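The structure tokens that follow cover one protein chain in two forms, given apart as structure 1 and structure 2.
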Structure 1
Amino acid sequence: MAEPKLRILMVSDFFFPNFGGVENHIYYLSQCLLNLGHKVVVMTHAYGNRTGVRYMTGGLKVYYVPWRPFTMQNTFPTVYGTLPIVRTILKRERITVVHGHQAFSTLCHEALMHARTMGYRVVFTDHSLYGFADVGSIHMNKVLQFTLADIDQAICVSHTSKENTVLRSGLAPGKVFMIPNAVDTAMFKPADVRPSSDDVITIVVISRLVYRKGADLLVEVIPEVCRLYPNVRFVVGGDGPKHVRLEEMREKHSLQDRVEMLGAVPHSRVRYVLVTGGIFLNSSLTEAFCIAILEAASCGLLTVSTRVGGVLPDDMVVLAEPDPDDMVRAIEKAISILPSINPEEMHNRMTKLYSWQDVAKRTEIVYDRALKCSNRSLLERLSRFLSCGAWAGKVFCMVMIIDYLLWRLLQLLQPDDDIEEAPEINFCN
């Protein structure tokens, strides 16, 4: 059986059975990389009773390391505690590239640090946007600066995200690659039968009902649109703290028959909800990369959105400022161009614009670049950390030196040759 070309370890706190953008990204990317002939292993923390090694579709091996999450699905940050298990996994699977995901994941930062100490190539993908002004962001950015001081390559999911990451971490822009997320267009197909009634226009909203996703904008926009267009109805899926405000809005304007609240929609039913509508409304206040509008466009819906420039071509999305009047104007424009939209044609275009196979190929190029980077000795690496800050630089150097010493100690206690390598199991596709 052919030797895999690259052996990749994906590390993140966020993986299945948890649902979300990062989890989906890791899963689909891993599947496509497996199809390209590489070997992919995922490392994450235990979810409830789910610990140990599991195998997913296509032979994707997942290590659910028995560390409990302590807040927001993050493992407790014991800086050196994960060194033994990471070393064991890296040696067992004969990994060549370590790929960490999401700046918010403590497991990712620790694993990348240990991988660098042991001389492996590391790549990091950032999925979110952060500010610069509040206490949490300042700490987060310092930790990110530490991890990215010594990285081989970095990937961001949008141009805004690339600018944000470069500013936060001080990384050179040439080291950051822009590879967007994609959507599984085979799963998100338009409805087989177009809804027959031409006079009722359904606008679909699926998002978490929180402040960040612009639920307050919805509360202002929905009554205004319902007043201007008697033939428009809304379908709102998703749950969250702002659910109460939306219910109040329904009561106040007597829109119970025109605004349908579905509550939390499981991911398997999202497509079913999307195809009932003609327009998709996204009102988020900030978004690194909005996958929801890709799913909607794949199902043939015209999108009205705030703040997501550059994700879809101009004829598939109507952009608006996060201001109720501007959003109403955008919805009016969308309603006027809706008759000219062909869902099938939009879906076919989406299959060419976004695909996970394309993302995997571009990520492969990044891995090749990372492997070409020269191996630096400990002293050269320490000089990079010193530039992180007057006090922080020295603290980071201390942390790395102790990590190096602990690694040597582990090598003494359990030599590399004693770690048994995992056999290759060929999964017939």
Structure 2
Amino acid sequence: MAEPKLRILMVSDFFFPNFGGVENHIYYLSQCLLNLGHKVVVMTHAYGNRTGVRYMTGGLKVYYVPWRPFTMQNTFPTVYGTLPIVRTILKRERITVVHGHQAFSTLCHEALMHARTMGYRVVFTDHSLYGFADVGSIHMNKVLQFTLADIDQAICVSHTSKENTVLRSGLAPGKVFMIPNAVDTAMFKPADVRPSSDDVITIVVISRLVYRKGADLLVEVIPEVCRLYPNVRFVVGGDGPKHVRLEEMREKHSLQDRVEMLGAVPHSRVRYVLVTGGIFLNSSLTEAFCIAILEAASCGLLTVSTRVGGVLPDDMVVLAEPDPDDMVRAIEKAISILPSINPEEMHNRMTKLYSWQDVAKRTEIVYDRALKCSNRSLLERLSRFLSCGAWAGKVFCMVMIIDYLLWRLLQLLQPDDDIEEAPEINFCN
């Protein structure tokens, strides 16, 4: 069997069987990298009884490490608790590049820190936007500054996300690449028979029902649109803390026959929900790159979205400010131009614009850039952390020094040569 070009470890708290944009990104990117001749291994935390080593399509190897989620699918931050298992996986799989995903992920931050301590090349992909004023964002931005102070290369999924990440972390813009998400257009095809726009217009919403996704906006927008257009109905897929508010809105305005609540929708069923409508509504307050918009456009739906770094051409989307009145006006505009939309033509354009194969090839270039970066000594790395702030810089340096000493202690207790390398398994496609 031919030796893989690169051995890549993807690390994040967010992976299957959980569903979401980050999970899909890691899975599809990994599959395309496998097809390009690389070896890809995923490290995530345990999900229920899913723990240990599992194999997915194409021979994708997944380590479900025995850490349970603490909150919002994140593991409890231990700082040094993951060092032994991260070291073991890196040595067993002979990893050359460690690729962390999502600033929310505790496991990602810890794995990147340990990998840099051990001299591995690391790449980070940021999938979200954050503010600068609230307590949570200030805390997260400081953690991100710590992680990215010693990064080799970074990737953002939109130009808006790149600007946001550079401002939050102080990372040099030349180290940050913009590589958009993509969509599996073979899975998301338009319906054979297009829903008639002359009779009933169906507006589809598929999203986690949380504040950040604009669920509160939906509570105000949906009744007003239903009042203005008697022939409009809504299909809402997704679950979350704001589900109760939407149910209350439906009861208050007697919209049970015009607002259908589907609850959580498995990813395999998303396409079947999308093709029942003609318009897709995205009300996110912050979004670096909304994959759901791409899936809807690939199914031939016209999109109405808040201005969160629009990812579609102007003739495929109607943008609005995250304000109920402006969103209602955007929906009115979308309804007026809906008859001119050709779903098949939109699907064909999406096939050319957003391809996971293209994302994988561009990510390869980032890996090559990371491998060409010089290997810095501990003192050079500490100088980077000192620049993170008068007090924070000293704390970061102390954290890294302890991590370095623990790594050396592990090498004494269990030398690298004592860690058994994992055998290569050839999966026939």
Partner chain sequence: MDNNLAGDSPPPPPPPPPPPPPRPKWRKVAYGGMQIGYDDNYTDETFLEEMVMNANVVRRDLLKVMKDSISISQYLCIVALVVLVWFHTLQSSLDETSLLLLDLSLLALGFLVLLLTEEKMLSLRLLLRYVTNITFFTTGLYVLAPVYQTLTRSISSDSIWAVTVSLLLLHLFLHDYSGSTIRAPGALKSPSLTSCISVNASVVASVFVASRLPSRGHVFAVMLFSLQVFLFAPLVAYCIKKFSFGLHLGFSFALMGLTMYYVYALHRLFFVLFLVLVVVVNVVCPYWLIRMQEYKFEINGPWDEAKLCFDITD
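Quick note, the numbers are simply positions in structure 1, starting from 1. We call the rigid core whatever largest set of C-alpha positions still superposes within 1.5 Å between the two forms. This structure is a prediction, so every number in the text was calculated from the model and none was measured.
- By the stated condition, namely the form predicted in complex with its partner chain, the first structure is the one that fits.
- Of the two rigid parts, the smaller turns 10 degrees against the larger between structure 1 and structure 2, judged by C-alpha superposition.
- When the rigid core is fitted, Glu224 shows a C-alpha shift of 5.2 Å between structure 1 and structure 2.
- The two forms line up on their rigid core, and Val205 then has its Cα shifted by 3.1 Å between structure 1 and structure 2.
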